[in-house]
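Consider the single chain below, provided in structure tokens and representing the form predicted on its own.
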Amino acid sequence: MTEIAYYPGCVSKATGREYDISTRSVARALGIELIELDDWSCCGATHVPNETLAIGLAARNLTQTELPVMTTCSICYSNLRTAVRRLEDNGLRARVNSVLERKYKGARVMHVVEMLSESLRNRELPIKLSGLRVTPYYGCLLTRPGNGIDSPEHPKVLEDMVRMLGAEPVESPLKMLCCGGPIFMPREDAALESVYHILQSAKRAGADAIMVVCPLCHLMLDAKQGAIERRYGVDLGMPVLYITQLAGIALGLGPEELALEMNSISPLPLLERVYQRMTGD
């Protein structure tokens, strides 16, 4: 069994618990043992303006293991990758190490997207998702900083993942527009307007569902959908699935293993259609 260190991040332990549950279930199904980091702390999210402190927070988490570190949160992923790059500066590394109990010596960081891409490639999936039209939603931090998982301007890694799962990727021009999560508290109006346009864009494109890779994006697109429907007088009803939930369905895992009942917009009718297509009912 392959061992990977798991950095869940704060949101996956709170409002994004379905992401944490489905990630652990999918990892088990793929023969991967996730070892949660000991004594991990917040990565600083988007709220730490002092760069040295932000790098120090990330470095402290990375020193808790010698295994590759996987996270499911795009904000955590961006912060951890930024730290790895910045700590190539020997001066900054020395300053950060001077306050760390365990000294930073280098690390490999991966997003759950990369773990799934590596594990699902050339794997026969028991549940066929053919006929399911899915809009991949990147958000703004999965591909930043550059030279990472994919091009920051023209990414396609999530479209490739949708195809790998047997579904059809549906292009949305707003797939990289910020979900507004980081500004929701001070600028609720602007945040909800951003989400409204993202959801409408996916609906107009003919998507059956949106696939997300970040718990904050999921919170905004899924949990805030009812408020947006009331605010704009529209009927959206767009299921928003984590990439691990969609992968878990294709792997034949059940709704409880994927915590599908925790989604605000239930994806269960979508799941029923998938099974009906398979059985011809």
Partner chain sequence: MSDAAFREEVVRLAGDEIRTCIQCGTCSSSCSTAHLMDNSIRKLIRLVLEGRRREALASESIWLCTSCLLCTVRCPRGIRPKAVVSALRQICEREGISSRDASFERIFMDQIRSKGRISEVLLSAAYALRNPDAAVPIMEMGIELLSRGKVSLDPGTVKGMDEIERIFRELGND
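On a predicted model such as this, the values are computed, not experimentally measured, just so you know. Residue numbers count along the first chain shown, from 1.
This next part talks about the form predicted together with the partner chain, which is not shown.
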| item | value |
| --- | --- |
| Triple contact flag Val11, Glu51 and Leu177 to the partner chain in the model of the complex, non-hydrogen atom at 4.5 angstroms | yes |
| Among 99-107, 161-169, 126-134, 199-207, the region lying within 4.5 Å of the partner chain in the model of the complex by heavy atom distance | 99-107 |
| Gly91 within 4.5 Å of the partner chain in the model of the complex, heavy atoms | no |
| Arg17, heavy atom within 4.5 angstroms of the partner chain in the model of the complex | yes |
| is_contact(Arg187, the partner chain) in the model of the complex, heavy atom dist at most 4.5 Å | yes |
| Ser78 within 4.5 Å of the partner chain in the model of the complex, heavy atoms | yes |
| Heavy atom within 4.5 Å of the partner chain in the model of the complex - residue from Leu236, Ile32, Ala250, Ala45 | Ala45 |
| Partner contacts in the model of the complex for 244-268 (non-hydrogen atom within 4.5 angstroms of the partner chain) | Glu261, Met262, Asn263, Ser264 |
